[in-house]
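Next up: a single chain in structure tokens, the form predicted on its own.
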């Protein structure tokens, strides 16, 4: 997979417009698995879950202020070289996609310069049931995609992910839905989220197109993806929630691993911490020290730690704060040695490697 180690220079002409202004600098883009799918995606992804106001229910409408906030977040993401945006049909009950659609309406040329990804499969309480469940039925997938396209105001979605595994999944139905969406030109590529290697392999055996993405929770705080590799035949392996073999499967099949929650909701970068959580305090201080040594931000250190992994993980950052988005700018430039990487992992674990 030597192609993954290549570097390409992206200039203003071939990259993005940022509200009509050229970017201040060129950005280096690491070749990642997704780039093998005719998708020249940035390694950082902007997650749009927080857009659309504070209310997750469908009882309220988005406001002009919500649209303004979306513009600011999108502009900040573009300014640090992000060209990929992650959605889900359930985010703010569709309002996240709606306000992003408003951004696209006002920035006429932006759609052609970015990669849009959304998800479906989680079904909130509705007229059929007063509870949340999962639904991979063909009709529901097709209905969800029509809603996604309508809310975003686009004709084609670059990538559709299945959000969480449906226990009652009929893979034949999923395959039929994907075939229909591809033939209709509504979706270009397909992926999953929160799936293990065996689940992906099972689903893939029914599909005529490759699974190109698997989005999982991964961060220095949620480091079970790393522990699962070294805890084989250890008592601690019973506490691992990250499925063994998933990273290896994704690397073998050129499936892009994306990390949701990569900044650990600010746990290491200023969020109030429980004084009893010694490992978090120690790790936050260590991250701050590395940031000072490397003349960057704690956010960049956290993201660089994930991106140092040879799977070329795509962190999905979800903050709405433009200043915090800006703090992620150096993530691809920060270099961590093997010793620095393990130093942070051991600190976050709170104990030595087995």
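Positions refer to the first chain, counted from 1. Predicted model only: the values in this text are computed from it and were never measured.
There is also a form predicted in complex with a small molecule; it is not shown, and the following applies to it.
Practice task
Decide yes or no: are 52, 93 and 147 jointly within 4.5 Å of the small molecule in the model of the complex, with each residue judged by its heavy atoms?
Solution key: Heavy-atom distance to the small molecule in the model of the complex: none of the three under 4.5 Å.
Exercise for the section: Please check if residue 67 has a heavy atom lying within 4.5 Å of any heavy atom of the small molecule in the model of the complex. Expected result: No, residue 67 sits far enough from the small molecule in the model of the complex that none of its heavy atoms falls within 4.5 Å.
Exercise for the section: Answer yes if any heavy atom of residue 33 is within 4.5 Å of a heavy atom of the small molecule in the model of the complex; otherwise answer no. Expected result: Taking the distances in the model of the complex, the answer for residue 33 is no, it never comes within 4.5 Å of the small molecule.
Practice task
Flag residue 133 as yes or no: does it have a non-hydrogen atom within 4.5 angstroms of any non-hydrogen atom of the small molecule in the model of the complex?
Solution key: Outside the cut-off, so no.
Exercise for the section: Indicate whether the small molecule has at least one heavy atom within 4.5 Å of a heavy atom of residue 262 in the model of the complex. Expected result: Contact with the small molecule, yes.
Exercise for the section: Look at the stretches 107-115, 279-287, 262-270, 247-255 and give the one with heavy atoms within 4.5 Å of the small molecule in the model of the complex. Expected result: Among the candidates, contact is made by 262-270.
Handout entry: Residue (of 329, 312, 324, 37) lying close to the small molecule in the model of the complex, criterion heavy atoms within 4.5 Å
Key = Of 329, 312, 324, 37, the residue with a heavy atom within 4.5 Å of the small molecule in the model of the complex is 324.
Practice task
Check each of 98, 194, 83, 228 and return the one that places a heavy atom within 4.5 angstroms of the small molecule in the model of the complex.
Solution key: If I apply the 4.5 Å criterion carefully, the residue I get is 194.
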